[in-house]
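The chain below stands alone and is given in structure tokens; this is the form predicted on its own.
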Amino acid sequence: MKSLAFSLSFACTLALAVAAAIIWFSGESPLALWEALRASLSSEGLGYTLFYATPFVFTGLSVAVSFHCGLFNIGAEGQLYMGTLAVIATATALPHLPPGLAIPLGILAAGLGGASWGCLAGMLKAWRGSHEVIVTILLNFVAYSIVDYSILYLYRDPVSQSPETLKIPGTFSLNTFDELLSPFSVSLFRSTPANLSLVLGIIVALAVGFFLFRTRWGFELRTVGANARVARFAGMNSALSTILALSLSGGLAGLVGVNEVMGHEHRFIQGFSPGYGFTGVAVALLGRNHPVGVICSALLFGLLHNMSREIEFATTHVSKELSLVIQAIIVLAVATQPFLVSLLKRRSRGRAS
């Protein structure tokens, strides 16, 4: 964890320096970066930061689980869409459930919706030898088509001019932190969409950590990822571990629908994801595929996402795409940091000799 903290500190420092230079060359003051950071960490800004970070927790965990099994899941985007669609289908089919049943059922539907899509990729990988990268990419497009058809024809709101579904019943809705604390006269993250999905994400991260590092199934999954031949020699079922890993990966990605539908919009808006599934790859890599690291990395990406929004409001020539540049620099800095450290050590040894 110390090396992870050092890597993130080095990467963030480098990325912010480059971002400041970009803002300066755009004709704006680099102080806009500082103002955006301060606004993103204020009471209201922190609420948006946590809200943006929540999907990254789920997609980062999704990619991390598959990485531990030696698999590269590029299908988290399609899996999160299928999980979100499952929430809409469940809430529409069972509108009269009490909150005590509706909320757990909605969360379960989101997980199962994504898990079913991940399981399909896992079965093709395990039983047919199909490469998971190709399969999950292609399944993304299939998921997009199914979701678009469902939004436009099965669950569309006939009143709205936008491609979106009807609102889910209120019993399926999660409270925001502001709504939970308002009876106690506490204003936390006032008027922001930060909701209990973040708590769910932390609980799920702890459960994933326990599964990976404290259970026999997690051990087998990691062993298959480390060396499939050794795992088979030890009597482990690599095919089952592959299916399990991609199913869990899909289920974790599907939980993004809890934050979006049950916690925020209360409906499925076409194209709501700005690439949460693909950004989850960077989140997992920065977090070193460890659940605690993924949470820290997700918070960082949520902060960058919110900062880019603040910078766009405060400047004329800088757009929100600056956050993508910062994310790319951070990933490159973390990826090349071990190489740079070893290179510096070699040079210092050469000078000493």
Partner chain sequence: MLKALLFFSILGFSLSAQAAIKVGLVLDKGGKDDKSFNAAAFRGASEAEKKLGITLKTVESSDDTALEPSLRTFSRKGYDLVIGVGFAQLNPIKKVAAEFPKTHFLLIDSDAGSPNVRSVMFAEHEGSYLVGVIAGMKSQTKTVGFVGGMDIPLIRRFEMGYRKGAESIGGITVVSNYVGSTSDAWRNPTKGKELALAQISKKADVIFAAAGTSGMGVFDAAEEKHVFAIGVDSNQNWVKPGTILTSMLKHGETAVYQAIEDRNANKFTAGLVSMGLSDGGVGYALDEFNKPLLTPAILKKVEEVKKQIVAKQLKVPDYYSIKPPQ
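None of these values were measured; they are calculated from a predicted model. Residue numbers count along the first chain shown, from 1.
Keep in mind that the form predicted in complex with the partner chain is missing from the display, and what follows is about it.
Although the partner is absent here, residue 93 sits far enough away that none of its heavy atoms falls within 4.5 Å of the partner chain in the predicted complex. Heavy atoms of residue 160 reach within 4.5 Å of the partner chain in the predicted complex, making it an interface residue. Mapping the unseen interface onto this chain, residue 315 counts among the residues with a heavy atom inside 4.5 Å of the partner chain in the predicted complex. In the predicted complex, no heavy atom of residue 206 sits within 4.5 Å of the partner chain.
A heavy atom within 4.5 Å of the partner chain in the predicted complex is found for one listed residue only; from 199, 186, 152, 101, this is 152.
Screening 109 to 117, 84 to 92, 190 to 198, 250 to 258 for residues having heavy atoms within 4.5 Å of the partner chain in the predicted complex returns a single hit, 190 to 198. With contact defined as any non-hydrogen atom lying within 4.5 angstroms of the partner chain in the predicted complex, the contacting residues in 51 to 74 are 51, 52, given in sequence order.
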